[in-house]
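Encoded as C-alpha cells, the following chain is the form predicted alone, with no partner shown.
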C-alpha cells in the first residue's frame, strides 16, 4: 500500500519529488538508448548523446518565485529531446484568473510538473510528448498525459502506445481511458489544418476525485506507462535507415508540431503568462522544420 499523504505541504513535496525522479529515470533510459543504437549509417558517426542540465529561476518580485531545471540532449537517436521540471508559485494576472479553477477567488497559485518532448533524428522513430503536473489554487488538481506523432504511422506502435496507457488507466478507473483518449484526440487537433497532430494517446486535466493519494498514484502510473511504451517503440525502429524523401516528410510533420504548440497549446500559454522560463517553455520546438 502506498503511503497516505494528507498535509498539503507534504503533498506538494511528494509531487515535486516524483516529477524530478521521473525526469531522472527517463533521462537514464534515453541515454541508454543512445549508447545501444547500432544501425543507420546516418547516425553512427555521431557520439552518443548525454543530457545537459541548466537551472533557471523566476525573476524576483510580483510575489512570485520558484524555478526549474532544463535537461536537453542532442545525440544520435534523439536529434533534440528535453525533459524539464519546474516548481513555481505566485499570483495569476487579472486577465488570466477567470480561466483557472479557483483563481478568481484568490489569485495565488503553486504548480509543479515534468514536461517532455522528443524529436528523433530518424523519420522512422515517432515524435513524442508527455507531461504531468499538480496545480494548487483555492483548489488543487492533477493533469497531464502523452501523445505520439509518427511521420509514418505503424499500427503496432499505435496499439502498444495506447495499450500501455489503457492498462495504467484501467488499474485505477475503467472509465478513464475512453474519456481521456477522446480528450486527447480533441485537444491535439489542428483546426486550421483539419487534421490530428498524431495518433493520440491520453490527456486529462482538473483531476480532483476527492482522493489526492489515488489521483497522485494515477499520475505516477501515467508517467511510467509513457516511459515504457515510448522507449520500446524507439528501440523497435532506431536501427532503421531512411531516405531523403523520408526526411522531407519528417520536417513537414515537425512544422505541424510547431503550429500546434505556438497557436493552440495551453501549456505554452500557461508558462508564458505565469512568468516561466521562455527557453524551457519553447523547448518543445524541433531543431529543424519545414513548410511547403
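As the structure is a prediction and not an experimental result, all values here were calculated from the model. Numbering follows the first chain given and starts at 1.
The same protein also exists as the form predicted in complex with another copy of the chain; that form is not shown, yet it is the one meant from here on.
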query: Candidate stretches 156 to 164, 218 to 226, 204 to 212, 189 to 197 - the one whose heavy atoms come within 4.5 Å of another copy of the chain in the model of the complex; finding: 189 to 197
query: Answer option from 139, 172, 74, 97, heavy atom within 4.5 Å of another copy of the chain in the model of the complex; finding: 74
query: Candidate from 246, 232, 31, 259 lying within 4.5 Å of another copy of the chain in the model of the complex - any heavy atom; finding: 259
query: Site test, 117, 121 and 238 vs another copy of the chain in the model of the complex, non-hydrogen atom cutoff 4.5 Å; finding: no
query: Another copy of the chain contact at residue 13 in the model of the complex, heavy atom, 4.5 Å; finding: no
query: Non-hydrogen atom contact residue 80 with another copy of the chain in the model of the complex at 4.5 angstroms; finding: yes
query: Partner contact for residue 263 in the model of the complex: another copy of the chain, 4.5 angstroms, heavy atom; finding: yes
query: Distance check, residue 289 to another copy of the chain in the model of the complex, heavy atom within 4.5 Å; finding: yes
query: Residues of stretch 232 to 254 in contact with another copy of the chain in the model of the complex (4.5 Å, non-hydrogen atom); finding: 251
